[in-house]
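A single chain, nothing else alongside it, follows as structure tokens in the form predicted alone.
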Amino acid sequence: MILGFVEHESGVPEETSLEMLTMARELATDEEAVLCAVVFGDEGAALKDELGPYGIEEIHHVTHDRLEGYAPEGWGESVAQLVSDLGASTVAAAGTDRGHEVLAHAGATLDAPMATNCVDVTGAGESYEVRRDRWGGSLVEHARLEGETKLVTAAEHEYPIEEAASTTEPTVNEFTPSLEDAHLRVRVERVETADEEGIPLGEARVVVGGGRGVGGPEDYDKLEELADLLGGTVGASRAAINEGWRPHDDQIGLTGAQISPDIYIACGISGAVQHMVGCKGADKILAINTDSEAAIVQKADYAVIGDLHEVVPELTDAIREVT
């Protein structure tokens, strides 16, 4: 059995979890194993219709009167107990903060090996060959993962979201773990919504990013205008954040948001490795920069070599003319 930890928001699976299911389904096919899901939260059972198109045979819904919110150790212990009960050979999760944290706790309990941020996993039985991102994507590691139970996370935005060849009708089984106070010493008690308006960076289909080349906080108005016109949102490089021009929530990069828009318009950004890690999920990158040798220009799908203070307003005007 391949068991996928599916994150969701009010019964709607996260895109990163659907990406993970593409990887997990490939493993299940190679091993001729069933693909199942483990979910938490009151709305977990509602995922039945959502996960059927992705080949899930069974949904194991973890319920416990002390798991009202996220509790990393409690969730990890729950997954470990479920794995022991089911005899799952592999547990997969998305390469998110929560996916890594839950599987790490489960792995500690199970004494099982774990490989994170995988971009390719092949093999069957007790041995996998894995290829995974390390050091923020600056290098790729090839390794072998061996164990009776193996834990893997799928690197974000590396796997396409693909439905199975045929839709299943998964059964929903409730699972109540045996938890102690120690498993609940850390947990989320409340969630506070940020005051920021607009589309979150991680969900935007168009992102307009600005770096040190923007020149100052007042010049982001040009980027905001372009982003609004395209139905997108504005992000920034770490350099701009460090200057205090934008709030940290706008940062794109290794220590900021990981984005996956249809197009990322990078204005006045050099393209440091840490920044490129954050925008590597973009389908297309358009770089606007005065330096034709800038790293981001070399990696972009399209580039305009020029002053962003001239190019961005002209681009905005041109789009208005055709919309």
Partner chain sequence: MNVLACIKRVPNTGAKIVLTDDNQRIDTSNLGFTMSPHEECAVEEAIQQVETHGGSTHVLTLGPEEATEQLRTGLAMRADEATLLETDGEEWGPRETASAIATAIRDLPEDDAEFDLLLFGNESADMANYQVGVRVATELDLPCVTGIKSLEVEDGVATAKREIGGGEEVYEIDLPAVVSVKEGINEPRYASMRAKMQARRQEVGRLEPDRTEAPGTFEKTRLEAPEADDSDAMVLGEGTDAVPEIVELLESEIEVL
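Note that the structure is predicted; figures quoted are calculated from it, not measured. Residue numbers count along the first chain shown, from 1. Throughout, rigid core stands for the largest set of C-alpha atoms superposing within 1.5 Å between the two forms.
Below, we refer to the form predicted in complex with the partner chain, which is not included among the displayed structures.
Exercise. Looking at the partner chain in the predicted complex, is some heavy atom of each of 187, 230 and 255 within 4.5 Å of it?
Worked result: Contact check passed for all of 187, 230 and 255.
Exercise. Quick one: does residue 66 come within 4.5 Å of the partner chain in the predicted complex, counting heavy atoms only?
Worked result: Outside the cut-off, so no.
For this session: Although the partner chain is absent from this view, report whether residue 238 comes within 4.5 Å of it in the predicted complex, heavy atoms only.
Result: Residue-level check for residue 238: yes, a contact with the partner chain.
Problem set entry | Contact flag, residue 271 vs the partner chain in the predicted complex, heavy atom cut 4.5 Å | Close contact exists here: in the predicted complex, residue 271 approaches the partner chain to within 4.5 Å, heavy atoms only.
Exercise. Could you tell me if residue 279 has a non-hydrogen atom within 4.5 Å of the partner chain in the predicted complex?
Worked result: Contact with the partner chain, no.
For this session: Mind telling me which stretch in 86 to 94, 159 to 167, 141 to 149, 214 to 222 gets its heavy atoms within 4.5 Å of the partner chain in the predicted complex?
Result: Every other range fails; the passing one is 141 to 149.
Problem set entry | Contact residue in the predicted complex, chosen from 34, 263, 62, 45 - any heavy atom within 4.5 Å of the partner chain | Here the answer is residue option 263.
Exercise. Of 199, 115, 179, 172, which residue is found within 4.5 angstroms of the partner chain in the predicted complex when only non-hydrogen atoms are counted?
Worked result: When the partner chain is considered in the predicted complex, the option within 4.5 Å is 115.
Exercise. Which residues within 8 to 30 place at least one heavy atom within 4.5 Å of the partner chain in the predicted complex?
Worked result: Counting only heavy atoms within 4.5 Å of the partner chain in the predicted complex, no residue of 8 to 30 makes contact.
Exercise. Just checking, between the shown form and the other one and with the core aligned, does residue 55 shift 2 Å or more at the CA?
Worked result: No: residue 55 shifts by under 2 Å between the shown form and the other one.
For this session: Classify residue 38 as shifted (yes) or not shifted (no) between the shown form and the other one, where shifted means its C-alpha moves by 2 Å or more with the rigid core superposed.
Result: False for residue 38: its C-alpha shift is below 2 Å.
For this session: Align both forms on the core first, then report whether residue 187 has a C-alpha shift of 2 Å or more between the shown form and the other one.
Result: No, residue 187 moves less than 2 Å.
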